[in-house]
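In structure tokens, one chain follows: the form predicted alone.
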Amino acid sequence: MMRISQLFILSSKGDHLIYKDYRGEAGSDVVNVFYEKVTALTGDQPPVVMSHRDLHFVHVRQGGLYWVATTTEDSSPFAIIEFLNRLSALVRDYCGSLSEKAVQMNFALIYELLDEVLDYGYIQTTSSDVLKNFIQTEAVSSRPFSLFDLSNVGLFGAETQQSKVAPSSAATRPIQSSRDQGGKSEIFVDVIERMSVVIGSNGVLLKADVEGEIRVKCYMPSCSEVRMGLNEELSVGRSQLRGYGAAVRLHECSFHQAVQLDDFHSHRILRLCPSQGEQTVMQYQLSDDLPSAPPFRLFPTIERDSAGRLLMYMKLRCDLPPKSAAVSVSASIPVPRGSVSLSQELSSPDQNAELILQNRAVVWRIPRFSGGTQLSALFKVEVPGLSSASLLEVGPVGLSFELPKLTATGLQVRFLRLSPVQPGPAQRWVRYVTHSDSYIIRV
């Protein structure tokens, strides 16, 4: 059986936020040992498992924090990683968010959770539904929830059959806040997708993968059965399409063990009785395929001018539907070694760009990019001793962005019904968002 010796949570700067020693098998200096080891490594991705003498460190990064468990046994690192991810999700459920401030404000609650989750280093449970019967400490929200704060509707909001939109902070309230809301019944469904794309220098799509998940965040005082209807023309695997409508194809999908699939194969309906807190009810993947054109196309021109400067003329086109928009768009353009300065001409005043010398890249930022439009930028980079070979160091271009109210696969929630009907009004919110996981354009 897996046994944990110590568990601690550190800030990104190494500050001790939470520390529990369950077995007394190592000294208290292991916290400093871990932080010294993880910060001494080169690169952005330190190994998840590290060792010091007879002690093994296993950690994950969530919410900008280090979640670390130590063990002296040859326990499965995958099991400990899964536990740490579940623990961070549990803290997010109860505290409302994952941040250094949220942990500091709710340290008493987190210590109470750890007392119930781990007994002498052995895992007891990570179920919010079980723990709510034992946890007495009230959560302190670092950002109070207000249903009337619609400042972020444009980021995550989506029209559903209920014609209701949730602000982006609506689903990040503490699980205990239902007491403060008078027992209001609310359920949030997030359809989140991550897109990985590689586009060749000739504009041909070389690779396209989408990984998605459906998360249910339940704040209902009593458990009800939830019926969630997905696209009727949803095809899973390599099977033939089921009808003549606009089909959505997924290559793989998996479900939470609590989901009942009796009506899924015939009517594409998921049935479940969610516990309070957050659950990932469905995970899916689409490989080497996209139902529509990639959201962005780049048309680059790279040359050397008479003054010996590197000229990069970039035209970026957004191929989203006209009424849609991408937000937080950022293009990272690698430049030759030895680049010293940048001058720029941008097609709109809300854009900005800078040369980041340590990353050897020009970063072009666009806060909002409407579908069906095109933006351009002219970058002039001073590169002493620029040669024809140096031009080969330009690219590939990496894009990061967020597509609110859109899914790359076309997956939609047709309806969300509660059974039996709640005694009070039950609020139901559905949000869609697609993130760029890796969007590479070769030049």
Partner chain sequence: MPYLGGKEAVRELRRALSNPNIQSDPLRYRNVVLKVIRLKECDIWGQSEVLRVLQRYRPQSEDELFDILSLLDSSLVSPHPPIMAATLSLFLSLCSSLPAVSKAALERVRGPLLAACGSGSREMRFAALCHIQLLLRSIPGLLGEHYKRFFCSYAEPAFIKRRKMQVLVELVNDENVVMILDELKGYCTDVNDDTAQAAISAIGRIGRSYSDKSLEILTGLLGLKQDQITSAVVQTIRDLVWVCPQCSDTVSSALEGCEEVLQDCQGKQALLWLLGMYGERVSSAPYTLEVYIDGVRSETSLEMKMELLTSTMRLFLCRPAETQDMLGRLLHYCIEEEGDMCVRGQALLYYRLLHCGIEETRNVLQGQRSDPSMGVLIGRPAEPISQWVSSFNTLEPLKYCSAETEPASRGSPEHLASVLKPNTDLPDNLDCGQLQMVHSGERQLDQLTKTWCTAVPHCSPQNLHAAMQLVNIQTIAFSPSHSLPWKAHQQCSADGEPRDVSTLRAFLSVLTTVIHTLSSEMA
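Here the structure is a predicted model, which means the values were calculated and not measured. Numbering follows the first chain given and starts at 1.
Keep in mind that the form predicted together with its partner chain is missing from the display, and what follows is about it.
Not displayed here, its partner chain is kept clear of Glu233 by more than 4.5 Å at the level of heavy atoms in the predicted bound form. Looking at Pro47, you'd find a heavy atom of it within 4.5 angstroms of its partner chain in the predicted bound form. Using a 4.5 Å cutoff between non-hydrogen atoms, Ile269 does not count as a contact of its partner chain in the predicted bound form. Using a 4.5 angstroms threshold between heavy atoms, Phe78 counts as touching its partner chain in the predicted bound form. Site residues Tyr19, Asn32 and Leu316 are none of them in contact with its partner chain in the predicted bound form, judged by any heavy atom within 4.5 Å. From the list 406 to 414, 57 to 65, 371 to 379, 32 to 40, the contact stretch for its partner chain in the predicted bound form under a 4.5 Å heavy atom rule is 57 to 65. The contact residue chosen from Asn106, Ser275, Ser185, Thr71 relative to its partner chain in the predicted bound form is Thr71, the criterion being a non-hydrogen atom within 4.5 angstroms. Residues are counted as partner-facing when one of their heavy atoms sits within 4.5 Å of its partner chain in the predicted bound form; in 108 to 131 these are Glu116, Ile123, Gln124, Thr125, Thr126, Val130, in sequence order.
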